[in-house]
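Here you get one chain, nothing else, as structure tokens; it is the form predicted on its own.
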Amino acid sequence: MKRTRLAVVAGLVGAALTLAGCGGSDALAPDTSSAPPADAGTIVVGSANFPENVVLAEIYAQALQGKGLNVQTRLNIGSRETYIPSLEDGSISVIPEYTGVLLQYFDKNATAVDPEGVYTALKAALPEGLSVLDMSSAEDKDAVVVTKETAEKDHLTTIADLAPYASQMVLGGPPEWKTRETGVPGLKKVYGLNFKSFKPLDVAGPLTVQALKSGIVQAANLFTTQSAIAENDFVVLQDPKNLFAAQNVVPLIRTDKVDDTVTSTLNAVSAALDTEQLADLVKQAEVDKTDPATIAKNWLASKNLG
């Protein structure tokens, strides 16, 4: 019976993967097409391939449009490894980012962990041609998450507590977690964890949630603002060694697109957003299934930024 049940669950997850690959939702279908550099007078706002980042990109785009700028969007581009080159070649102009993981991308030996320290180090680590504007107090961190049952059975409260059990556990996360410093390599380097295997899933999305619920994986990467954590009684394991540094929302922008209007507009967005609001925006996208453009419009109006 157990083998049959797991086979059925695995089949459902596989089917979901197929649907995701086919772009079952236009709003969440990755934009994998190549694009020419943006015109000098156009701001192209990009996003990563998960709902929160899409909503933030819509907020940036609509705020800039409200200032009379010519704005286009290119949403669901993919992972950082995909969209950073798009910034560098000019096919996108700006994207919502997260300070800690962005710092790790450009400086794998970075040691800063607090918000101001990470932000200062990030500005120094950026390559020529890229800049960050003001960071927001809003933060969404990577996390290692387990079910409540697993946490209680194995007495897990921190990532370090996984050490006696990791060799019997499958870790789930986005494909890039296999090689990222804040993924499998970092968990081994910082915490000495050697998992039984790593299962590539989606970016903290429904495939990851379902795989964790069903037992296909026993630990997974989710984001701290996600509604799925509370809804499923998942347990976020504490990170006492700060593998995951501060991850404040910040606009990453091509330096040649920075001017007074763009700077003041996006800095105002960053100043108005906090972590509680960010979690609510995520809930609207993931649970209520509200269109990201509508979420952005309503939030901007509530802050008199539309």
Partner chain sequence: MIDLMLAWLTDPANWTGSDGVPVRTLEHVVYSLVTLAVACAIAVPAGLWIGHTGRGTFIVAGIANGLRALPTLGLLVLFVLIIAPLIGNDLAFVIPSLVALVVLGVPPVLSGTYAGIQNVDPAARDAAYGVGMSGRQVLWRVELPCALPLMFSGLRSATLQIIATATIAAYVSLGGLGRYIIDGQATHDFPQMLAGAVLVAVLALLADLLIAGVQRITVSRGLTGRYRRTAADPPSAGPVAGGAGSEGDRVLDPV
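It should be emphasised that the depicted structure is a prediction, and the values quoted were computed from it without experimental measurement. Positions refer to the first chain, counted from 1.
The following text describes the form predicted together with the partner chain, which does not appear among the structures shown.
**Q** Answer yes if any heavy atom of residue 102 is within 4.5 Å of a heavy atom of the partner chain in the predicted bound form; otherwise answer no.
**A** Contact with the partner chain, no.
**Q** If you check in the predicted bound form, is residue 181 within 4.5 Å of the partner chain, heavy atoms only?
**A** Close contact is absent here: in the predicted bound form, residue 181 is far from the partner chain, nothing within 4.5 Å, heavy atoms only.
**Q** Would you please decide whether residue 143 lies within 4.5 angstroms of the partner chain in the predicted bound form, comparing each non-hydrogen atom pair?
**A** Residue 143: no, not in contact with the partner chain in the predicted bound form.
**Q** Might residue 210 be said to contact the partner chain in the predicted bound form, defining contact as any heavy atom within 4.5 Å?
**A** Taking the distances in the predicted bound form, the answer for residue 210 is yes, it comes within 4.5 Å of the partner chain.
**Q** Going by heavy atom distances of 4.5 angstroms or less, which of 214, 131, 120, 72 would be at the interface with the partner chain in the predicted bound form?
**A** Comparing distances to the partner chain in the predicted bound form, the residue within 4.5 Å is 214.
**Q** Given that the partner chain is left out here, which of 161, 88, 107, 176 has a heavy atom within 4.5 Å of it in the predicted bound form?
**A** So the residue touching the partner chain in the predicted bound form, by this definition, is 176.
**Q** At 4.5 Å between heavy atoms, only one of the stretches 196-204, 232-240, 121-129, 153-161 reaches the partner chain in the predicted bound form; which one is it?
**A** Of the options given, it is 196-204.
**Q** Just say closer or farther for the C-alpha distance from residue 172 to residue 102 in the predicted bound form, relative to the shown form; it changes by 3 Å or more.
**A** Farther apart, by at least 3 Å.
**Q** Knowing the Cα distance between residue 232 and residue 273 changes 3 Å or more in the predicted bound form, does it shrink or grow relative to here?
**A** Result: closer.
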